[in-house]
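First, one chain by itself in structure tokens, the form predicted on its own.
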Amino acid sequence: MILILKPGTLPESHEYKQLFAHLANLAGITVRVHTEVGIEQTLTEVYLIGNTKALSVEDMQSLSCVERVVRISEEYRVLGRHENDDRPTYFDYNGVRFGQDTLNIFAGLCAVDTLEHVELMLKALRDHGQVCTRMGAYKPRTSPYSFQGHGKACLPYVFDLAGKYEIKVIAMEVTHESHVEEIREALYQTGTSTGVMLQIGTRNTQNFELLKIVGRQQDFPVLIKRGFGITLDESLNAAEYLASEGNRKVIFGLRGMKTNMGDPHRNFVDFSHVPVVKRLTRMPVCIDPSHSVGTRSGSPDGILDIMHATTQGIIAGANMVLVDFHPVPSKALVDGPQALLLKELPLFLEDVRIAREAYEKRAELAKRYQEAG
């Protein structure tokens, strides 16, 4: 059960203390508090953990400073959708809104290689009105002999250039708790010139200790990718690990399933699960067409498979796209064969706009039919 307190309720207030004095007397109930400090007000959620079936929603609703009560199911307790649950399906970070009704494009380098390539990429994004990007500093690889990323050495110039070109959010994978501190320190040294969305890659979806550590910090939102060898339920529970530790700013990423049934693509594209994740949880959903498709192959209509996959996800309601671009793919140190070209960026963005418009028209059509009964 979740008690959502009236906005602005402070721990030092008489009402707050009165409420918690009452909760302390509930047998077999553990209390966990989550507070979101916004620009205009502070919102507090109180989680009652234990046998709450005997608790009356009406009785709890009448308690001091409680605005509303949500009785939650066992599945995805924090991030899930529950009956009569009207908690937000969005969050704001560094001036950008991420929600189940928004769309943000994170085009960029799968792995940072040179300062020059980073600058060319960020300049192209700025010139086309984009404020988000992907930049890989830490790269887990299948082979121990493959390029593992420049790590913290590249962070200062990536963040400096992001500030120069007005990029507000960079999606950046972390594979160890030390990476979070390295990112925080580099941001501080560069005057917090940009923001970072921490990314948990498919190989670490069930690295539970990493999930707990990343979940305990609330400075950065988190994009967690679906594990490519586990069920959707197991991956959603991995996202719940993050939220249960305190970080509710979580986006769920679909990146294709590892199976030869997807051949000749790199992975079997799973973007039909976009509406499923939005139905089961309050998380925005990201698609990663580059790692799903893995090639620059195209169909006879002249459209690249990556673009086909992208629009399939967007028409299904995706809220974020993580896609590989590179100024010179032949010189890329990671995943060059799947990277789109900078000259293709305006085509890609226009294709995205067309698909998003189609989704919005479909959603409006469905709404009219529902209202008509």
Ligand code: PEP
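A quick note: this is a predicted structure, and the numbers were derived from the prediction, not measured. Sequential numbering from 1, following the sequence displayed.
Quick note: we don't show the form predicted together with the ligand, though the next part is all about it.
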item: Proximity to the ligand in the predicted complex (heavy atom, within 4.5 Å), stretch among 115 to 123, 88 to 96, 284 to 292, 153 to 161; value: 284 to 292
item: Proximity of L322 to the ligand in the predicted complex, heavy atoms at 4.5 Å; value: yes
item: Heavy atom of C110 within 4.5 Å of the ligand in the predicted complex; value: yes
item: Touches the ligand in the predicted complex: Q199 (any heavy atom, 4.5 Å); value: yes
item: Partner proximity in the predicted complex: E173 to the ligand, non-hydrogen atom cutoff 4.5 Å; value: yes
item: Position in contact with the ligand when the complex is considered in the predicted complex, options K225, H179, K278, R248, heavy atoms within 4.5 Å; value: K225
item: In the predicted complex, the residue from K168, K139, R81, R71 that sits within 4.5 Å of the ligand by heavy atoms; value: K139
